[in-house]
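Shown below, as structure tokens, is a lone chain in the form predicted on its own; questions about how it binds or moves come after it.
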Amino acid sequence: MITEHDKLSDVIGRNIDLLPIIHRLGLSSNIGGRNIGDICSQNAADVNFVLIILNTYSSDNYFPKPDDLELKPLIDFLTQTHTYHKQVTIPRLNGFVQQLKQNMPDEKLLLVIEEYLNQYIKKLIQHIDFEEKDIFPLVNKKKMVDEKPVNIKKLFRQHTNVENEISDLKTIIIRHIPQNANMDLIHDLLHTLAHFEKEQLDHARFEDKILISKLLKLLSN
């Protein structure tokens, strides 16, 4: 378990994939050798929230209870995650595919991968827009309206599709790597997809097990 007494630099050093998470939490600048508690205090960040996020993304065996998290900071973090994937992850994936196409312009597999990725990204952006337009604003509303239960059920169904499709794309690439492929680019593409998949799973867990539970409780009052 990561605690407030751990040095943030050591935590990132053990799992470099936490660096973009730290950035979304507003704690990535001037880390130095300070511990998490001190960094949170100096950045006016909620140390308990930060520890919950870090431990969730660090361990598959850890997950908070709904009462451990407040809605507002959770929604802010989820929105930051959406922004990161739109501005960083998606352009990075597209960039790897375009580089591979330049290296192997006649490789039909890359056309399949590009089409699959484009369809996935289209669905993901629609999913993100749905969450930010129809789900996240519910935190500011106190009364139920007819469409809220429908929207929440829709969110569960979309998560299952989004998660499965990343796994399917990885499998397609791994099973059909061309003989003359640039393996460094293939590795970068697969590593980015694997990291993206892990983040999407954790993101969906926060929404399905924490956000939805708390929203239903809020809206039933």
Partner chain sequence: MQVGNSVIIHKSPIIQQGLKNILLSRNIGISDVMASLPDYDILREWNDLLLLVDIQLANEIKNNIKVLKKNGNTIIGIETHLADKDSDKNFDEIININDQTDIIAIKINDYIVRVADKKSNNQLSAREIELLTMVAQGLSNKQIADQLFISIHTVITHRKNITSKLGIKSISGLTLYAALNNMIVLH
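Residue numbers count along the first chain shown, from 1. The structure presented is a predicted model; accordingly, all values stated were derived computationally and were not measured.
The same protein also exists as the form predicted together with its partner chain; that form is not shown, yet it is the one meant from here on.
Within this chain, Glu115 lines the site of its partner chain in the predicted complex, having a heavy atom no more than 4.5 Å away. A residue is said to contact a partner when one of its heavy atoms sits within 4.5 Å of a partner heavy atom; Leu190 fails this definition for its partner chain in the predicted complex, lying far away. The shortest heavy atom separation between Leu169 and its partner chain in the predicted complex is within 4.5 Å. Not displayed here, its partner chain is kept clear of Asn30 by more than 4.5 Å at the level of heavy atoms in the predicted complex.
This chain is displayed alone, yet in the predicted complex one of Ile125, Leu109, Ile90, Met104 has a heavy atom within 4.5 Å of its partner chain; that residue is Leu109. Partner proximity in the predicted complex, defined as non-hydrogen atoms within 4.5 angstroms of its partner chain, places exactly one of 22-30, 62-70, 171-179, 37-45 at the interface: 171-179.
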